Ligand code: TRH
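Next up: a single chain in structure tokens, the form predicted on its own.
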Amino acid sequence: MLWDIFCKVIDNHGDIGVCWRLSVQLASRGEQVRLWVDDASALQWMAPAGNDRVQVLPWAGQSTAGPGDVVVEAFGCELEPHFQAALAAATRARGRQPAWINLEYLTAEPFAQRSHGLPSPVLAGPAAGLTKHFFHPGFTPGTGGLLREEDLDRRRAGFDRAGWLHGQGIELPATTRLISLFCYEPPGLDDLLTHCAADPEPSHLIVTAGRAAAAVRKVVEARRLASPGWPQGSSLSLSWLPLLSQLDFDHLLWACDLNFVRGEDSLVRALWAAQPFVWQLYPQADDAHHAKLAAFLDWLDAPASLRSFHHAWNGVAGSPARLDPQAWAGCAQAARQRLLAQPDLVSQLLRFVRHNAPGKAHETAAG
């Protein structure tokens, strides 16, 4: 089948990251994919090798394109009127509507399971009379599952941790705790650095490029006003990474003893890594992310210390408790096992499209 996946890059690269993973995983199953995106620049470092079965096209180009067999609107992006009209025209010509999927944001909240797979009739505009379907990624049976490559376990089993770290210029004693940091500007960042600097156990913080690096540098510069050279002489050391491809981001998570991740895409990668992790949600002005965090921690069956750390890290309440990756490892590993027992997102999406494709065109669509 030919898939049209539509993506608008809002910020932070998570949207294009998810859409690229989805596109590549569909391509690995023999599907043809056109990825329509308004800003593809991040793919230059995120996926430098590209993919022969994925065609990346500019968002504006949909004004002259006809739809494929499946159309996916990612994260509520709305098709241009020209493409909606083309969908209606294709429905009339084929006598069958192309499958039209609204791929939703990831959440553990109960509404994801209730809404997954439901139809959404289009009531106005050039595509009036057609039907979309909601597709909710999720953590539980009854949702659409998570993106997972078919060869993920094989790649992880063959990963050379020491070799990868050497390639990044990181050479440390085996007793040093490795921590990756991929975040926005978490309220608990200063406390984290303070704790690591004072902890008897040495920690090495591997900081990703972009907002995480800017946030850490801001804290470090403030500390150095009072203590020049900080954190030298403490238990904390730092290294700074360039922008990573998706493959190397996985390697980063596999290499570290504790991972700090943010948003949707990196949370899923942290779950597959099966290492202890702390998640920062995208902050929302109405604090809607607080309920989302609570639902996720309940699903994770997080111990009390991990819940407290998440609350402080996300600005919900309190100050971060001490790091305790050993106590947090069990729930991460158990969560991964539960997820492996469920079908992955692409398998479920393929089955959904094949079994729930709309029938013959409605009269309102046929005109």
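Just count from 1 along the sequence shown to find any residue number. None of the values given here were measured: they were computed from a predicted structure.
The discussion below concerns the form predicted in complex with 2'-deoxy-thymidine-beta-L-rhamnose, not included here.
S.K.: Although the partner isn't part of this model, could you tell me whether residue 46 comes within 4.5 Å of 2'-deoxy-thymidine-beta-L-rhamnose in the model of the complex, counting any heavy atom of the residue?
M.R.: Result yes; residue 46 sits at the interface with 2'-deoxy-thymidine-beta-L-rhamnose in the model of the complex.
S.K.: How about residue 12 - does it come within 4.5 Å of 2'-deoxy-thymidine-beta-L-rhamnose in the model of the complex, if we only consider non-hydrogen atoms?
M.R.: Yes - in the model of the complex, heavy atoms of residue 12 and 2'-deoxy-thymidine-beta-L-rhamnose come within 4.5 Å of each other.
S.K.: Would you classify residue 242 as touching 2'-deoxy-thymidine-beta-L-rhamnose in the model of the complex, given a 4.5 Å non-hydrogen atom cut-off?
M.R.: Residue-level check for residue 242: yes, a contact with 2'-deoxy-thymidine-beta-L-rhamnose.
S.K.: Could you confirm whether residue 266 comes within 4.5 Å of 2'-deoxy-thymidine-beta-L-rhamnose in the model of the complex, counting heavy atoms only?
M.R.: Result yes; residue 266 sits at the interface with 2'-deoxy-thymidine-beta-L-rhamnose in the model of the complex.
S.K.: Looking at heavy atoms inside 4.5 Å, which stretch does 2'-deoxy-thymidine-beta-L-rhamnose contact in the model of the complex, given the options 140-148, 293-301, 228-236, 176-184?
M.R.: Correct option: 176-184.
S.K.: Please state whether all three residues 105, 246 and 282 have a non-hydrogen atom within 4.5 angstroms of 2'-deoxy-thymidine-beta-L-rhamnose in the model of the complex.
M.R.: Every residue of the spot touches 2'-deoxy-thymidine-beta-L-rhamnose in the model of the complex.
S.K.: Though 2'-deoxy-thymidine-beta-L-rhamnose is not shown, can you say which of 208, 84, 275, 113 has a heavy atom within 4.5 Å of it in the model of the complex?
M.R.: Selected option: 208.
S.K.: Would you kindly say which of 289, 204, 262, 223 lies with a heavy atom within 4.5 Å of 2'-deoxy-thymidine-beta-L-rhamnose in the model of the complex?
M.R.: So the residue touching 2'-deoxy-thymidine-beta-L-rhamnose in the model of the complex, by this definition, is 262.
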